[in-house]
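Taking the form predicted on its own, here's one chain by itself in structure tokens.
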Amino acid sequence: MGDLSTTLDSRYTANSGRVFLSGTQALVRLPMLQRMRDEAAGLNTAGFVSGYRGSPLGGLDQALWKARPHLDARRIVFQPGVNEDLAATAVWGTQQLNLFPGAKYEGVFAMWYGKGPGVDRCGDVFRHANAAGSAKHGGVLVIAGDDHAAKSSTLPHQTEHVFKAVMMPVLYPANVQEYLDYGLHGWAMSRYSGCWVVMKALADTVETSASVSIDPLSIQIRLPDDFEMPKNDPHALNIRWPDPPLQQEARLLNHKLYAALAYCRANQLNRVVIDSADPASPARLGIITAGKAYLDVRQALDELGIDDELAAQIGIRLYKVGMVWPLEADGVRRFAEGLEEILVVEEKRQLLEYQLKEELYNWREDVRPRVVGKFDEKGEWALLPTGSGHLTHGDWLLPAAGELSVAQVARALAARIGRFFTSSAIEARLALLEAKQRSLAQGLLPATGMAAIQRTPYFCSGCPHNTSTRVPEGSRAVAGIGCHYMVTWMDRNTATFTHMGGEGVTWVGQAPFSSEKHIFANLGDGTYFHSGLLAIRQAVAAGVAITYKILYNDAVAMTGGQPVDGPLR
């Protein structure tokens, strides 16, 4: 008979073995594992979690609240932020703890969470805090929730380019187990390199569930033996005070990022997962990918009838990248040796592709593989005559807009593989995939050929937004972020919106040049406390005629009905 003592709480109380977790629950369990590792290492540490809700991390705060007894038992404090940048500032404070007297712990490991717009909002905090660094026994892990297809956002988000700009290393897990594994590596990398380390989260992975190993010591952390720390510096690469700005910059550019690369290399976060074992028949086509796109590649190969054994036999080498920025060069060069071509499969704008091309640029032309990704071999910037006298860029191979589908990846793979291998089975499977895609493009259900039902979202029954978003006849309103954004799809004379916290301020730029005398602006109570109060102050400062309707429903309804953070009591 199995273990009858297992309960739902076992996901947070079990000390080893396997448990069933969603990606969100894995992020709750993660700091508990870090505390257990520190305890085993004899370190007297504590944990801190802060951030602001937003899909695909909309339910993380609720899961953390529910797990509070388990967090308390591991000395982990959860304090949600009034907004994202204030939460990040609180996280910054945890790394400063041991600069002052009175610290009760040797260090505090911290986790920040937020969605794409929150990352944008935190640019200044992240830039300063990453330059200042992490504590020796602290470390910072930043969980960035991206929405590649704008399924629950006003614009698609791909935050890696933001983190590249502020020079924070980025890890990209492909499944629930890797949220745990990469998370532990992220804190270890942060402590070693002094960097704040990012872990990218997508709905495709964080909203899935799986049986995972939760042994806190199963991850073997290897500190690099090929990286030399700065000499005669008692702080190594960690935070210190005083610390002049140019010294912070020099330490980050000359040492910290290279320490992160050395950590990635020592722990093989980037690795070959398929390769030819026959020296007489070496690999010809390399595929480099990460995160959700890695899952797409594996499914696309499966859809084409190509398993690992056949892939190796026909000359495919697959490289799975765990740290997508900066891209570790030594592993890339070993992966690329002997290949004729490398296909880069990644969603959204090029990140891996541009780094790969830069790292291979100085190879001799006779040994440097051809690199394709977003565009085919004609190139992205090759201006080609179209026949109409105009010029255009190259042909998209794996488009940057929207999400990649498995069918798109399969077509690209089949085309590149078809240069040296094909079969009737692959051609038949590809034809089936393309037929499914045509049906979907026409709004038909592939199984039945019937039209898919389209339903425009609407307010919940009983929600005050049903009436509070109406405006007087002859008036107009502007929208903002929240459930009330949906009013722009309704016949209520409400058009245009702003980012969160800018509601109504567009009127400040219009009023001096318009014959209109007045407009309304919708502002949710959650947004009011998050940042919207500043929008009202701006309208007052400009002296424009605008009426703000504070849509009070006593909850952040858009992400699950959480209580509003920061109200006066």
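Numbering starts at 1 and runs along the sequence shown. Fair warning: this is a prediction, and the values are worked out from it, not measured in the lab.
Keep in mind that the form predicted together with a small molecule is not shown, yet the notes after this line are about it.
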Checklist entry - Taking heavy atoms and a 4.5 Å cut-off, does residue 555 contact the small molecule in the predicted bound form? => result yes
Next on the checklist: Although the partner isn't part of this model, could you tell me whether residue 483 comes within 4.5 Å of the small molecule in the predicted bound form, counting any heavy atom of the residue?
Outcome noted: yes
Item to check | Contact of residue 115 with the small molecule in the predicted bound form (heavy atom, 4.5 Å) | outcome: yes
Checklist entry - Within a 4.5 Å heavy atom cut-off, is residue 346 in contact with the small molecule in the predicted bound form? => result no
Item to check | All of 465, 525 and 530 within 4.5 Å of the small molecule in the predicted bound form, heavy atom check | outcome: yes
Checklist outcome for this item: The listed residue (54, 31, 51, 504) that reaches within 4.5 Å of the small molecule in the predicted bound form by any heavy atom is 54
Checklist outcome for this item: As a check of understanding, the residue in 64, 539, 519, 500 with any heavy atom within 4.5 Å of the small molecule in the predicted bound form should be identified as 500
Item to check | Stretch in contact, per heavy atom within 4.5 angstroms of the small molecule in the predicted bound form, of 474-482, 403-411, 203-211, 262-270 | outcome: 474-482
